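There is one chain below, alone, in structure tokens, taken in the form predicted on its own.
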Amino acid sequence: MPLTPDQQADIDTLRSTPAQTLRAVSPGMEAHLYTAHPVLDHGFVRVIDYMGDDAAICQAARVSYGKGTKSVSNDEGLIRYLMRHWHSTPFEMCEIKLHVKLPVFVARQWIRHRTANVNEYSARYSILDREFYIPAPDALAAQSTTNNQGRGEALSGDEAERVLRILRDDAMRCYDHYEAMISDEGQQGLARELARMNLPANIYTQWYWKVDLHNLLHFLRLRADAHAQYEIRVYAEAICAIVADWVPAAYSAFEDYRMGGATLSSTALECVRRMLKGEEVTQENSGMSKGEWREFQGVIG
């Protein structure tokens, strides 16, 4: 179960006691506040707090004291201009604080984004729950033969069942030993900070993650990409849905210029110009390596 009874009771209390505020609010984000969106088998993402909206981005860009006489269409145009020209500071005026429950191995990949404030559940102080990420059968895949950090063909049949059985058995056995080491049973028991080192990387942890919109969009550009690892991508996709409701104009520009757009090198751009003139351009006369040429072909179709 993603949420504990205590967490659900806390959410129910918070949602049943709304407070008046003079600050700007985003109606789309208000609908997400405190709601836990399930991810994977035991994980979730939920919004704890946020600051700002689309108007806050524009206000910061104009350095004004209010909305002034600018229309919504003008705001959308400005946001698209800011996104198109890689401006960052106005987007940093918006912030979001998320409560995330995720497997440890996903957290260790996630934490590589060092532009957020993080406070993680402490296994030195508390005892971790017996909850592990066990992939769905269709998420099991062999090692890719062309990409050292990617997946290849999906496992099936007896091989898939063998792998799932190993994952379940190893996780349960490690947790049994973890419990045995920290329980006293008439003795002192091992310190929690030491006992935790025997737990597998698929056990779940939790953290609060606070980040500004500029850095959040950078995270989403990488982790919601089709090439990202599935287990972190599904978290990024859940966050994308939240951000789209929070700052719809900014997210639309982000989809257009970042997720749906492409950056070309000067060499690649020159190849496009030559193609438009009717010249036949090949990898051999392009000035690109085989890898660059392959990626270039993927961009231009």
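The structure presented is a predicted model; accordingly, all values stated were derived computationally and were not measured. Residue numbers here begin at 1 and follow the sequence given.
Below: the form predicted together with a further copy of the same chain, not depicted.
Contact annotation: residue 229 falls within 4.5 Å of a further copy of the same chain in the model of the complex, judged by heavy atom distances. The shortest heavy atom separation between residue 155 and a further copy of the same chain in the model of the complex is within 4.5 Å. At least one heavy atom of residue 301 is located within 4.5 Å of a further copy of the same chain in the model of the complex.
Contact check for residue 21: a non-hydrogen atom falls within 4.5 Å of a further copy of the same chain in the model of the complex.
Contacts of stretch 75 to 97 with a further copy of the same chain in the model of the complex, defined by any heavy atom lying within 4.5 Å, are made by 80, 84, 85, 86, 89, 90, 92, 93, 94, 95, 96, 97, listed in sequence order.
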